[in-house]
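Quick heads-up: it's one chain on its own, the form predicted alone, in structure tokens.
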């Protein structure tokens, strides 16, 4: 059923504050699930099931679907729509406050979701920065954010570095705004992130790595020698020694560095007096 008619039937209005743009086009939904390449034994985590359109397609393809929804007003819609799918569990919680590893006990689960665009970065952090991370994420998000995730050196951001440390992102397809209701004001894309069993760079301490990255990006358009000095509380001599040890020109800017260069800087911090 068209989400507009369905929501009107239950006297529910979409909340812009929750980023509610319901994906309803059957072809788009099928393509998203096909992109996930689910196996019949897979467990799927869906974030923001909304009216259950994607949930229903996922339920036909996976062994189990755990759908986490913040908006309690959608409970009767989801319960009615998914009544014939005993393999679906609906959890009414804020995904940003959910203990995802405890919820997803199965190893190697898959995330498939049309995420609220305003918290995309926060959701990625929750899903990727824990030991029990999914093996694959298939997320519909704002196209501009999708392009940031796959950025290359000279156009890197702290978000791109963070995601590429944990997995390999790629844009699977772009989605027309017309397949949503209400229609969003931005273009959308579906991103696949296949996570790594271990990071692709040699880093013994992930927290130290991200502390260095955060320092490097802490002052936009500043040269590394200034940004790292300020962010890591180093004097000019220490910053120069750090960059020299890592083989990096201290005049460079954070957006130009590769993942391996961030790793080299991280390793060099252990050599500082």
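Given the structure is predicted, the values throughout are model-derived calculations rather than measurements. Numbering follows the first chain given and starts at 1.
Omitted here: the form predicted together with S-adenosylmethionine (SAM). The next part is about that form.
Look at 40-48, 229-237, 244-252, 208-216: in the model of the complex, residues with non-hydrogen atoms within 4.5 angstroms of S-adenosylmethionine (SAM) sit in 40-48.
Only one of the listed residues (94, 107, 185, 99) places a non-hydrogen atom within 4.5 angstroms of S-adenosylmethionine (SAM) in the model of the complex, and that residue is 94. Proximity to S-adenosylmethionine (SAM) in the model of the complex, taken as a non-hydrogen atom within 4.5 angstroms, holds for one residue of 77, 119, 175, 149, which is 119. Under a 4.5 angstroms non-hydrogen atom cutoff, S-adenosylmethionine (SAM) in the model of the complex has residue 70 among its neighbouring residues. Proximity of residue 19 to S-adenosylmethionine (SAM) in the model of the complex: non-hydrogen atoms within 4.5 Å are present. For the chain shown alone, residue 23 is a contact residue for S-adenosylmethionine (SAM) in the model of the complex, at least one non-hydrogen atom being within 4.5 angstroms. In the model of the complex, residue 160 stays away from S-adenosylmethionine (SAM), with no heavy atom inside 4.5 Å.
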